[in-house]
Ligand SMILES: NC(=O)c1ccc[n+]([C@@H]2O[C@H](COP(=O)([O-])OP(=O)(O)OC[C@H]3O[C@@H](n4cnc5c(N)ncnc54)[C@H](O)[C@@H]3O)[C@@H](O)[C@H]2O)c1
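Next up: just one chain, as structure tokens, the form predicted alone.
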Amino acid sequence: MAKPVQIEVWNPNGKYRVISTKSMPGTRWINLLIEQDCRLEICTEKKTILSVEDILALIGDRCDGVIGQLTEDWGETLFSALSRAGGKAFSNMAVGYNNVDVEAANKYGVAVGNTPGVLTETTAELAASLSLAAARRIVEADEFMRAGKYEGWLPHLFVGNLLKGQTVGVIGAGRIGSAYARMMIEGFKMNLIYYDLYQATRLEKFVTAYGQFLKASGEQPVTWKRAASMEEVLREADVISLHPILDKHVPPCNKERLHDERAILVNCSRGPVVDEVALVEHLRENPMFRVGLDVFEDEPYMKPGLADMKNAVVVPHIASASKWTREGLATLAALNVLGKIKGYSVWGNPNSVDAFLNGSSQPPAACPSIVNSKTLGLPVSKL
């Protein structure tokens, strides 16, 4: 028998039983559920990552839906248990769902939700922050100052890279990659080189228009170039930010691709797009090469040696960690589950979610984003 798991209960007499495997930011998501007659049980176990056994204990014999986290292993075992308990929906509090076996969910008729449309700017801002921190060696300088080593200004003290007028490279020019590119181009008047399987027409038009504005103002115009390969971006850019989807078409940045001695590499997408063992070796051999990492190949762990690299800025997967975004993620995940329980249709555009996040009005009667909606034959909202 599964060991009991500690929970906090809201609206104990609610008709529908919904489980959240973690406490999540804000209260709006809680209120939206209990206002629709849900009994909400929030796991309060002091564990960073719940095991499959923990989640089985939470699901129990009757459960209508679960809000989970990308650190959890949602496969055959959990979806079969959720289905037996009468569950109709599971939603990650995340855009990604690499932790979810969608085929298993399809097998048991469970809708799988995710939460796009709410973290584009937040993630792009962190990528820009890591770019600047790595370029100007801010973390190294902060540690130096706190250690009491500063004895006065010196000509060679923490000399870094100037971004203005350099070339920013973007691998994966979707919503987040394009938002990052715009920040770097507008903020530092950088030229752009990008690689994507699809042409980023809107981004190209933006760079062209901004270049014309700078020229009219008597300044050097910025330029753009669409690269034919990842390797071209890695070879030509001074700062490279990784924003690709994680699939077989995106080979990792490995020893063969990490050849620049002075570039800056930023990853706020998925850990496996960078070969960390090769990266550590490259950082060790090239002290002027720098990285900013928010994600890692084997989270929550870093490969040996990475933590010792002064030319690496590493942060614990905080790209979405703005108050607005994290509360929005929680709201969207809750509404995915609630919408399926209530029999709502699926929202037509999962990247346009402002209507769900407006706290001054009731959200639309729809599921914000169900990734397997077509397979399950779920109707699309006409709203």
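All values derive from a computational prediction rather than experimental measurement. All residue numbers refer to positions in the sequence shown, first residue = 1.
The protein also exists as the form predicted in complex with the ligand; that form is not presented, and the subsequent description refers to it.
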_Non-hydrogen atom within 4.5 Å of the ligand in the predicted complex for each of L163, G187 and F289_ = no
*Should V95 be classed as touching the ligand in the predicted complex when contacts are defined as heavy atoms within 4.5 Å?*
yes
_I'd like to check something about A319: if you look in the predicted complex, is any of its heavy atoms closer than or equal to 4.5 Å to a heavy atom of the ligand?_
yes
*State yes or no: in the predicted complex, is some non-hydrogen atom of E276 no more than 4.5 angstroms from a non-hydrogen atom of the ligand?*
no
_Residue-level contact is defined here as any heavy atom of the residue lying within 4.5 Å of the ligand in the predicted complex; does L265 satisfy this criterion?_
no
*Which one of F90, Y195, Y180, W74 is close to the ligand in the predicted complex, taking close to mean a heavy atom within 4.5 Å?*
Y195
*One residue of I176, L82, V207, I240 in contact with the ligand, assessed in the predicted complex (non-hydrogen atom, 4.5 angstroms)*: I176
*Choose one stretch from 138-146, 304-312, 217-225, 291-299: the one whose residues place a heavy atom within 4.5 angstroms of the ligand in the predicted complex.*
291-299
_Stretch 204-239: residues contacting the ligand in the predicted complex, 4.5 Å heavy atom cut-off_ = none
